[in-house]
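As structure tokens, one chain now follows by itself in the form predicted on its own.
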């Protein structure tokens, strides 16, 4: 598309919204003007756009008149109310919340995995971005599935607090200061348990049967992305006292034999992946991948405990940047190039 786009960003004051604004300034999406939109809680506040202050306007049903592309980064309730209005006004909507991820009429897309699904975006005018958990797993598992098929996946996640939002980052900071000052945690907890100097095996609400909402939803998102509705997946999601970034310990059983060396060769050539396989113990960590556009993979090894033998590997990514904002912007770039 040769013309400049009128773009709206809903929720620009949050972590993901701010990252989207930074990416719009850095990448090649043809942006003409940007409307900053927020609820009563954030309307009137200022955020920085390309070094200049911009004021957030109140989100109303008329906010999307003339908008061609709208990013929603303000949570599922706001998306549920306003995304259909934006689509009805003619905007292509990209939602990073959980609101539409399992809606069968809304394509769930990771560009490195299933970009062809964007052909269906006009049905509702909305494209859903998966959770950072599903993004990381799909980017890595998709090329392995093409080459060897997938039988079973077992995942443990180690998720930094940024994926829970800006206030969660503040909560970890306050708890850490309190405990280092020998005061204990004096404020109401943001998470199910104390997060500072702790690991909490609960992301989302606990459901009957013991799984959490996040685990159940992320598994279904992964199945949708891979187009494998019957894939056997077991997930335990853990919140860890890290500000930004997430990591994943993954065991994979494939349909046909796939040795670690062959898997490494596949992932080295796969889009969006940075493989850490230097001699001497190279592997990624959440702190080291902060700000990176890639999904990082390391410690690929044969898992002899599986029958037939499988793979074990480690994944790390920036859960705010690649896990949310960059995926949304990459979707927008494809829409602008091929569909708008």
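In this text, all values refer to a predicted model and were calculated from it rather than measured experimentally. Residue numbers count along the first chain shown, from 1.
One more form of this protein, predicted in complex with a small molecule, exists but is not displayed; see below.
Looking at residue 132, you'd find a heavy atom of it within 4.5 angstroms of the small molecule in the predicted complex. Remark: residue 137 does not count among the residues lining the small molecule in the predicted complex, judged by a heavy atom distance of 4.5 Å or less.
Although the partner is absent here, residue 317 sits far enough away that none of its heavy atoms falls within 4.5 Å of the small molecule in the predicted complex. When the small molecule is considered in the predicted complex, residue 284 lies well away from it, no heavy atom lying within 4.5 Å.
With the partner removed from view, the residue among 149, 201, 170, 76 that has a non-hydrogen atom within 4.5 Å of the small molecule in the predicted complex turns out to be 76. Although the small molecule is omitted here, in the predicted complex none of 156, 276 and 312 has a heavy atom within 4.5 Å of it. None of 160-168, 225-233, 104-112, 265-273 except one has non-hydrogen atoms within 4.5 angstroms of the small molecule in the predicted complex; the exception is 160-168.
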